[in-house]
Ligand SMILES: Cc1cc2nc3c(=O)[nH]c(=O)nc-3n(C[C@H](O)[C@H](O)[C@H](O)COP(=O)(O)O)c2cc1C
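Just the one chain here, the form predicted on its own, laid out as structure tokens.
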Amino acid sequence: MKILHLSASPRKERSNAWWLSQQIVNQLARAGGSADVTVRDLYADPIAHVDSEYADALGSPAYAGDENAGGALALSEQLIRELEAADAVVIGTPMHNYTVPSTLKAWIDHVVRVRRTFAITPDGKAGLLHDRPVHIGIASGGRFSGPLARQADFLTPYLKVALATIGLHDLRFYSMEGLAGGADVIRSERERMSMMLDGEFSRAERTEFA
């Protein structure tokens, strides 16, 4: 199994988002017997924003998804090929101001590319990538789901729409919330997620090999 692991936390490997996404990677590797993992840390190795060459090319009716252009288009092609090569994608991200961090948004801007990962049709945008599981681990200081939710969530609906645009519909969300409550909350959330992931992946294995 080939896994693309995206990490979008400024705290990198010290973050709860990294911890959660790494648990998911470990579960996938165990379920598959082994895994070839490509890690892209969007803070340790930040992705440049799209540039004028990218904007001019994609804004031209003559542009046909040419991968030979330079600048941001070359980086876009590299990121898309990483995504295409993966059997599963794991994203570890904090919630920043109710939505995705700017580093993850930069990655999305590169991989959601007209005439390369999606087409314009009379019925709207149609994804061109083959679907694959995308596991998204979210760490949030506040609570955005359930009866104790006290803040808005623009992260999960945005990712659902953005990734569906390129053909990725099999999204699985896992969230650790209320982490601003301190060490006891973090410990409790980690224990809860460990049990949840163990149960979910055990059920998946039983179903697959039944």
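All residue numbers are counted from 1 along the displayed sequence. Values in this document were obtained by computation on a predicted structure and should not be read as measured data.
Below, we turn to the form predicted in complex with the ligand, even though it does not appear here.
R187 falls outside the set of residues with a heavy atom inside 4.5 Å of the ligand in the predicted bound form. At a distance threshold of 4.5 angstroms between non-hydrogen atoms, P157 is out of contact with the ligand in the predicted bound form. Shown alone here, S15 lies within 4.5 Å of the ligand in the predicted bound form, counting heavy atoms only.
The ligand in the predicted bound form comes within 4.5 Å of no heavy atom belonging to I166. Note that among 122 to 130, 90 to 98, 72 to 80, 105 to 113, the stretch whose heavy atoms approach the ligand to within 4.5 Å in the predicted bound form is 90 to 98. The putative spot formed by R11, A139 and L179 is fully lined by the ligand in the predicted bound form; each residue has a non-hydrogen atom within 4.5 angstroms of it.
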